[in-house]
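Starting off, we have a lone chain in the form predicted on its own, written out as structure tokens.
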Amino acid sequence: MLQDKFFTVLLVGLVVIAFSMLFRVFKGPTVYDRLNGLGVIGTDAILILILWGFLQKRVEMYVDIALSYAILGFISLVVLAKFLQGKGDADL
């Protein structure tokens, strides 16, 4: 179907974007760039899960997993930002 091909192309594009953000996470010039890269990877992972659910025809299960991942990703990003708040750019 045309819809499955469209979702597959979107899925591949999101995977490419997520892997390109890994460069920003590891080689980012500042801490803020690295945290932004982690946020984008988390958002892409959520979208990838939902698109995979559409392709598998089990959206409801993957939406629950994506919501759990979103909550966990948000909390861990806030904790990491709080931890790095006092360090600055010189340590990383």
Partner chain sequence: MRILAIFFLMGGFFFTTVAALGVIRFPDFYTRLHAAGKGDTLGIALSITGLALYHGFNLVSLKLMFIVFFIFLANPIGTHVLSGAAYKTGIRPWTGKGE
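Residue numbers count along the first chain shown, from 1. Since the structure is predicted, the reported quantities are computational estimates derived from the model, not experimental observations. We call the rigid core the largest set of C-alpha positions that still match within 1.5 Å between the two forms.
Keep in mind that the form predicted in complex with its partner chain is missing from the display, and what follows is about it.
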property	result
In the predicted bound form: members of 48-81 within 4.5 Å of its partner chain, any heavy atom	50, 51, 54, 59, 60, 63, 64, 66, 67, 70, 71, 74, 77, 78, 81
Core-aligned C-alpha movement of residue 43 between this form and the one not shown, 2 Å or more	no
Rigid core superposition, residue 52 Cα moves 2 angstroms or more between this form and the one not shown	no
Residue shift check between this form and the one not shown, rigid core fit, residue 31 Cα at least 2 Å	yes
